[in-house]
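In the block that follows, a single chain appears as structure tokens, in the form predicted on its own.
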């Protein structure tokens, strides 16, 4: 069981690495034993992981929760190796202790009887846990990637979703094109009453506009570089449509599409 320390109104704790699995050439899935946080995490929230033994790298890395199992007391994180911090994480072995701050941020609002989930790239990660939370409602998912190797997610979602739709930029799997190659057709069926999306900003902007055309409420989960993760540094702020600034780490990362500028 991880050791918990309070940090203001947040939580800092030590989690134990149970499993590390390489999903493709630069993406890894990490399973952590962290019963305290598994019991309180909500879909869409994230963690700040310390990615070094001492002070290098200095800043923690924000990683979304791909899955959580309260019964087993475990969390799953799926991350891409893009720098020294994530390279450090990928080199950890079973039994390693990881210093974590979280859960952080505001997650998804669960509503609707027939939701559709749209994910692109590494933005797919937090949507897997969202599906678990939405069950037993029938959930359809549209997964978009650059090529077939990026969509190892299909099997994971197929175990929980009623239907899994796939697009790839190069046409190596599913429909050729981005998410918008299929989304208008799916929404035109008129069966969805809620849409959730996470991925690159241009994709989410296009998804939100398409949802608005069909009168479907839409929530977006923003991905931003974060230094502190607790609203102090303002490095992750984004523009809101009312002219204000929003802190993605504390006001989000999940927003209603009509709230923020993408």
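Positions refer to the first chain, counted from 1. Not measured: the values here are computed from a predicted model.
We do not show the form predicted together with a small molecule, though everything after this point is about it.
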- in the predicted bound form, the residue from 72, 113, 84, 159 that sits within 4.5 Å of the small molecule by heavy atoms: 84
- Query: Out of 41, 226, 194, 208, which one falls within 4.5 Å of the small molecule in the predicted bound form, going by heavy atoms?
  - Reply: 226
- Message: Can you tell me whether residue 80 touches the small molecule? I mean in the predicted bound form, with a 4.5 angstroms heavy atom cut-off.
- Response: yes
- Item | is_contact(residue 216, the small molecule) in the predicted bound form, heavy atom dist at most 4.5 Å | no
- With the cut-off set at 4.5 Å between non-hydrogen atoms, does residue 122 touch the small molecule in the predicted bound form? yes
- Message: Using a 4.5 angstroms cut-off on non-hydrogen atoms, would residue 63 count as touching the small molecule in the predicted bound form?
- Response: yes
- Message: Tell me which stretch of 133 to 141, 182 to 190, 163 to 171, 84 to 92 has a heavy atom within 4.5 angstroms of the small molecule in the predicted bound form.
- Response: 84 to 92
